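A single chain comes next, written as structure tokens; it is the form predicted on its own.
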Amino acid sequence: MFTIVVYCLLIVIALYLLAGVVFTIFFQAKGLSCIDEGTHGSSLGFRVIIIPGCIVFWIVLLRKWMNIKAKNRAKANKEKRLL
């Protein structure tokens, strides 16, 4: 019984990390400079260094990225109404 629980836990952790890897690919391509403009034009070394953090904290980064996109969309709509 204990081994089944451990296997299930390992599978859940592996799926979480796999989702983090997939997220990191898209985040490195588009989201990183959206969240922090200071990283725009950052070096390859910097992007490689932050990969493990992006994989582990992908849910936090995804939530932050979505919030910024929603704020930018609301701001654009507000500016559209003013014109």
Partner chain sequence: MGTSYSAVGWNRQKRIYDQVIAGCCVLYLVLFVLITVTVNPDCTFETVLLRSTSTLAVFILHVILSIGPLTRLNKKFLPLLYNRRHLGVTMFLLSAVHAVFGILQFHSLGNVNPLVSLFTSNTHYGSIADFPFQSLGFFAFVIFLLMAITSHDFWLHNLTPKTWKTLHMFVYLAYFLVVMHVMLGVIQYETNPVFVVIMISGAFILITLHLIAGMAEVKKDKKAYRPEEEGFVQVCDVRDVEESRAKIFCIAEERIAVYRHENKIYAIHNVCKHQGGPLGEGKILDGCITCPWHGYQYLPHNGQSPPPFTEKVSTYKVKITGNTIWLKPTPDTAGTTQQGAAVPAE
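Just so it is clear, the structure is predicted and the values come from calculations on it, not from any experiment. Numbering follows the first chain given and starts at 1.
Only in words, not in the display: the form predicted together with its partner chain, which the text now covers.
A.B. asks: Is there a heavy atom of residue 69 lying 4.5 Å or less from a heavy atom of its partner chain in the model of the complex?
C.D. replies: No - in the model of the complex, heavy atoms of residue 69 and its partner chain never come within 4.5 Å of each other.
A.B. asks: Can you tell me whether residue 26 touches its partner chain? I mean in the model of the complex, with a 4.5 angstroms heavy atom cut-off.
C.D. replies: No, residue 26 is distant from the partner.
A.B. asks: Taking its partner chain as it sits in the model of the complex, is residue 3 near enough to touch it, meaning that at least one heavy atom pair lies within 4.5 angstroms?
C.D. replies: Residue 3 belongs to the contact set for its partner chain.
A.B. asks: Evaluate residue 10 for contact with its partner chain in the model of the complex, applying a 4.5 angstroms cut-off between non-hydrogen atoms, and reply yes or no.
C.D. replies: Residue 10 belongs to the contact set for its partner chain.
A.B. asks: Does anything in 36-56 come within 4.5 Å of its partner chain in the model of the complex by heavy atoms, and if so which residues, in order?
C.D. replies: Read in sequence order, the residues that approach its partner chain (within 4.5 Å, in the model of the complex) are 36, 38, 39, 40, 41, 42, 43, 45, 46, 49, 50, 52, 53, 54, 56.
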